[in-house]
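Take a look at this single chain in structure tokens; it is the form predicted on its own.
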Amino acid sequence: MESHEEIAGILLRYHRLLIVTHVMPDGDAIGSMLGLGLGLQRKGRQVTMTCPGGIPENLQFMPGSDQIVPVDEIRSHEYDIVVALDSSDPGRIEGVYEQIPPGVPIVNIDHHATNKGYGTYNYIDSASAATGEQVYRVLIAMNVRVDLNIAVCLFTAIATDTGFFRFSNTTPTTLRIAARLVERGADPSGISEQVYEARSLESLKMLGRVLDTLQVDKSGKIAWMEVYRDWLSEFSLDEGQTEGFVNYARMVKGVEVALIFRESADGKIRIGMRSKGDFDVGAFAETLGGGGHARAAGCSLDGQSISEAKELVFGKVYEIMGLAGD
């Protein structure tokens, strides 16, 4: 396991870097990637950034987002090292991991306790509230001046993964780093508005459709929602624009586990999970090939319908929670 100082030194050995983050990227994923990418560019490095599935609409305000290329275009870019951010296992960077040539090293920077340690070099710190915290430390160790653009990206990363500092993962260190980023020009009010209050009309209509599927099981402890592929086509949205919908299921009084089942264009069922009780959704997601945190996690299932995925997931959840199924 490498420290942030060692990771800084490793990255500076290379001139051409590919930075990737996970499918269905959230604010921490995109903010960390852009913050690191812009920082490395300040050191004169050639940087290519990509993520499976593209950038959610509400995160496209971040500086440098126009530099992120689709996964199917990275073959045309040359790189000497790959940096995987906020991705607990190679399956989270699907479509990219398979393209990495033999012998090209991987730097794995992540704060998930479930991380597989799949990198050539691994900087895993589950005490960090967000991967954005780790990237900040790496940039400081590289003597990168954190300018306004980098500050906006890293503040977005940290703020979104802490629920704007409401979640239990917020630490004194988190707040100190956030304060430094505000000193560099990050505007908490403006960033909050962009992330949470700048959705398209189509996205809000989709939310209404998805909320119509919201249900609670007979125990009152599990809530779930469903998203179907043809709905995305109807509203001309991509899957990433449903990121965060699961939090509405988590808001239901008495609910301990919230789930969202999404049909993807690639035929997979992607499952988002949230918890506000003792149930560890990160450990649970890992049993299904996914991962994440104790309170927020996800996984993907192949070759199943939403109804089949629900049957599998609910069976396991009921068993762990000691509840009788419906």
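The structure presented is a predicted model; accordingly, all values stated were derived computationally and were not measured. When you see a residue number, it is the position in the sequence shown, counting from 1. For the two forms, the rigid core is made up of the largest set of C-alpha atoms that agree within 1.5 Å on superposition.
There is another form of this protein, the form predicted in complex with guanosine-5'-monophosphate (5GP), and it is not shown here; the text below is about that form.
Mapping the unseen interface onto this chain, residue 292 counts among the residues with a heavy atom inside 4.5 Å of guanosine-5'-monophosphate (5GP) in the predicted bound form. guanosine-5'-monophosphate (5GP) is not drawn, but in the predicted bound form it has a heavy atom within 4.5 Å of residue 270.
Looking at residue 300, you'd find a heavy atom of it within 4.5 angstroms of guanosine-5'-monophosphate (5GP) in the predicted bound form. Although the partner is absent here, residue 88 is a contact residue: one of its heavy atoms lies within 4.5 angstroms of guanosine-5'-monophosphate (5GP) in the predicted bound form. Here is the short version: of 226, 256, 243, 125, the single residue with a heavy atom within 4.5 Å of guanosine-5'-monophosphate (5GP) in the predicted bound form is 243. None of 66 to 74, 48 to 56, 31 to 39, 283 to 291 except one has non-hydrogen atoms within 4.5 angstroms of guanosine-5'-monophosphate (5GP) in the predicted bound form; the exception is 283 to 291. In this overlay on the rigid core, residue 240 has a C-alpha that sits 2 Å or more away from its partner position between this form and the one not shown. After superposition on the rigid core, the Cα atom of residue 57 is displaced by less than 2 Å between this form and the one not shown.
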